Structures are given as structure tokens and as C-alpha cells.
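A lone chain, given as C-alpha cells: the form predicted alone.
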């Protein structure tokens, strides 16, 4: 396994594996025995970075979520896992009413919600401190300053280590970080967005946002990261939920760009040269790219995890990386 440091303050920064394990469906669609087997193998391989959320997976049973955090808490206790494994969780997107979509009403990012939801997450995970806590989705009803101060209070109290943000417009991220910096408060240091080798169209409106998918890493985000090298990007959906390799998982219209066939051909070419799978090439491209990215992989079997782990030590040559980068 390889590792990188997240966070800029020596007092709170952490070293994590360059591959993160997504636990979204652990304890719901993925049963406990399988979830434990995947987690055990990930840690055995040197993995130290696990991702969840307080609303995972509310859509599976018509509830409000929490199954993933609860399973991780049981696994931690049963295995004696401590501070060596960094568990990131999120708040803000938990549905207010069981059986409804978070689009119909969600907890949001008020100071009251941040405090109460963080406490519930700590209880489910069985920890005194949340290693990394994300603002999951935008709350356009609450002043940004209130959200910034709400998160900062938890850091000051020792209830949270590092702060992160996902699925926010970059101007909101910058505004929040600027407010925090001006007040001498901790700000967001880890950004989680959808990023993969195939680019995602940014012009398609979504149910949540008429201005396009707010969770996609586009040019504004990559430009921002170049100017702020102390920030860390964690990418979800890195393997396009199986679409790179599975015929039953076709690409949707959001990937219908002229470059898609060209880039898929480049992937196959590099995979043949290296003897790796297409998925492994995608992950290696993200990990070692110009903007280093920690891919977040969701798997439902140990075999799927093994394929992802194989990407960590896949060293792409300069020529291969150039071939991938310039396939347009």
C-alpha cells in the first residue's frame, strides 16, 4: 500500500492509504459477513481510509440511513480497530422523514444539525472523535458563516479532526474557506467529488440543480486544486459503477461526449501494455495524476476489492500517462 497526508495542520493531519474503501452499502445491500470480509482484507492490505455517511443507505429500507455507520461501529469493536484506520463520514443529506427522498426534505447544515448529527454519528461509529467530517450537500437556506462556525466548534472541542466538503459549488467552498481563514477557524481541507477518466458532461440539469450536476469535478474544481495544493481530492464513482467493463452497465447520456470512444480505446491500449485491467488503469491514472486523487471504491466482494488493490502498485510510464492524458 502507498500513503499520503491529508490536512495541512501538523496537529490534525493524518496519513491515509491512497485508496479509500466506500462503505455505502455495508449493513444493507451488502450483508454483514461480506462487509466484514471486505473490511478485513482492506486493512490486511494496508488500507487505512474508509468512507461512509449518516444517511447511508436510507433508500434501501425506506428509513433515514445509519446502517453503514452502525456496521462500521460493530466491525471496529469486534476487530479492536483504533486510530490507525481513518473513517470519514458526512452529514447534511439525511432525510427528515423516513421513506422519503432527501430532495423532499433533508437535515441541512445549520449549527444545531451539525452538532446533533455529528454526535449521533460518533455514537453509531463508537468513537470519541470523527476523523474526517464532510458537509455532504449544499444547504442554501443556512448562512455559510453559521455552517463554518458550527463545524469549527466541533473541531475546537475535539469531537472532529479534519473537515471536508462534497457536492458544493466551488464558489461556496471558497467562500466557506475564506470565512474560516479570516476568523482563524479550521476550514475544509478534503474535497469529495465525482471524478473518473472519462469526463462527465457539466451542462445537463439534474433534479437537484438546474445548473448541472454540482457533484462533478469539472474545470473549476481542478483549477482550484492546482492553486490550493494543500487540499485533497477524494473521487467517488471512479469506476463509473461498473460501466468500464460490464455490458449490463452502459454509459448514460452524461458521458456522451466525442472524446469518450477515443479515451476508452486509450484505456484498452494501456491495459494491454501493462497486463492490468481497465479498472486498474483508471485507478492508477487518478492516483498518480497531475492532480493526485484518492479514488473511493465501492465493492461488493473481496474479489472486486483485490482488483482495486492491484492498481496501487501499477506504475504507468510517462508515455502511457501521456497517451491517456492526450486522448481527445
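All of these numbers come straight from a predicted model, not from anything done at the bench. Positions refer to the first chain, counted from 1.
The same protein also has a form predicted in complex with a small molecule, omitted here; what follows describes it.
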| request: Would you check whether the small molecule, in the model of the complex, lies within 4.5 angstroms of a non-hydrogen atom from each of 74, 89 and 118? | output: no
| query | How about residue 167: is it within 4.5 Å of the small molecule in the model of the complex, going by heavy atoms? | reply | yes
| message | Taking the small molecule as it sits in the model of the complex, is residue 69 in contact with it (heavy atom to heavy atom, 4.5 Å or less)? | response | no
| said: Against the small molecule in the model of the complex, would residue 239 count as a contact residue? Criterion: heavy atoms within 4.5 Å. | reply: yes
| said: I'd like to know if residue 15 sits close to the small molecule in the model of the complex, meaning any non-hydrogen atom pair within 4.5 angstroms. | reply: no
| the small molecule in the model of the complex: contacting segment from 156-164, 121-129, 231-239, 218-226, heavy atom within 4.5 Å | 231-239
| note | With the partner omitted here, the residue among 297, 284, 39, 294 that in the model of the complex has a heavy atom within 4.5 Å of the small molecule is 297
